[in-house]
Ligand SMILES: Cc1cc2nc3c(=O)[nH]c(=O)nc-3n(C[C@H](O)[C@H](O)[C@H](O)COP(=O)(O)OP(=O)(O)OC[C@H]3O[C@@H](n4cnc5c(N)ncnc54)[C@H](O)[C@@H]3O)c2cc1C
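Only one chain comes next, encoded as structure tokens, the form predicted alone.
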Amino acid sequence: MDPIVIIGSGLAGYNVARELRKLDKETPLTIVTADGGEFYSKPMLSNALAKRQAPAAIPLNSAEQMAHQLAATVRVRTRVTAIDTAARRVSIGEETLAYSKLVLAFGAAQIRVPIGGDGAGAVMTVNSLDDYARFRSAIDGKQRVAVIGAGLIGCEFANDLAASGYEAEVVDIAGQPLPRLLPPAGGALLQEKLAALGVVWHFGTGVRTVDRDSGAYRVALGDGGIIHADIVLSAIGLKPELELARAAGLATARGIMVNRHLQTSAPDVYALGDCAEIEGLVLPFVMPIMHAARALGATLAGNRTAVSYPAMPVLVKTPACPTIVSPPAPAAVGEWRVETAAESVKSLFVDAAGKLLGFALNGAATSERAKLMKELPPVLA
């Protein structure tokens, strides 16, 4: 029997394998991954510094341990170069691997914006344990870090760096941190609390050039400002990995398009996690991955199961200003109702009838998460 093949060993790939093995312990299973195959939570990379976690301490299990736990073959440092859905096989260079069912759990890549200057090639990103190990090595003995992007990852890294004694300066073309997740009052409190920790903000501008400067970097901003940094970290955001899927003829939009059973446009080919788009939604967060993995594990085991998503708030790892967001659906019609206090901002997104469609909680207001969760509609019923 040809194995079920999973491409990717992140939370999506390993968790769907775990869910499958709860129901089916016999079907051959192969996991192919371009990295080291360690099991770890990628969101933990943006707050490991303040926890004094060395890169080697972050994984919970090695690839060998995961292979044993899952009764699977785990092929590490192995890159799939093509997918042939008609022949039901994937190519690994000159080698081909047949599959009975194929799961795409590629994840997403860091977005890079065009930057000029002779130091542009040295701008770092962190999107894997390997990346994080390189970043930790690079900042050892250094002091000043320029962070490009004030979204979720940029804010988390800024908090982690500042809390660990580094000088962090953050640049974003928006006018506030977390511009896609927080209304202005919540963004202002987050900005204030991180500034008190030592973070320096540069809003309303972008990075024009990064040039080498006596062993460090000179970062020129679009508004004429200059940042002198030892390391430049780009944390602009993520985009689903689509190249292999597109080359295989699979339907894609913002992500690999799947139905409620997580099936792509090809028979017996599925996708989940950061690379997948379901009913127009791309949800690069932990809870959607866990729900999708549970549903797909059942489907792969022979019990066809549609995924459903309850309300799934996102915890932003900024201890200087605890923040929890449950954004309204992109097409939701309503308004933000905001209550501010000295140490908190409670922002509720409601429709014309007063029904709660989303929230953003900062500071002490995060204590209301459980109560408000009960009022939210599911993301996918």
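Remember, it's a predicted structure, so these values are computed and weren't measured experimentally. Each residue number is its position in the shown sequence, starting from 1.
There is another form of the same protein, the form predicted together with the named molecule; it is not shown, and what comes next is about it.
Using a 4.5 angstroms threshold between heavy atoms, residue 346 stays clear of the named molecule in the model of the complex. Although the partner is absent here, residue 35 is a contact residue: one of its heavy atoms lies within 4.5 angstroms of the named molecule in the model of the complex. Proximity of residue 362 to the named molecule in the model of the complex falls outside the 4.5 Å heavy atom cutoff. The named molecule is not shown here, but in the model of the complex it comes within 4.5 Å of a heavy atom of residue 286. Although the partner is absent from the chain shown here, 10, 42 and 157 each have a heavy atom within 4.5 Å of the named molecule in the model of the complex. Stretch-level contact analysis of 312-320, 62-70, 22-30, 338-346 against the named molecule in the model of the complex, using heavy atoms and a 4.5 Å limit, identifies 312-320.
For the candidate set 190, 168, 105, 150, a heavy atom within 4.5 Å of the named molecule in the model of the complex is found for exactly one residue, namely 105. A single residue from the set 295, 236, 244, 123 has any heavy atom within 4.5 angstroms of the named molecule in the model of the complex; that residue is 244.
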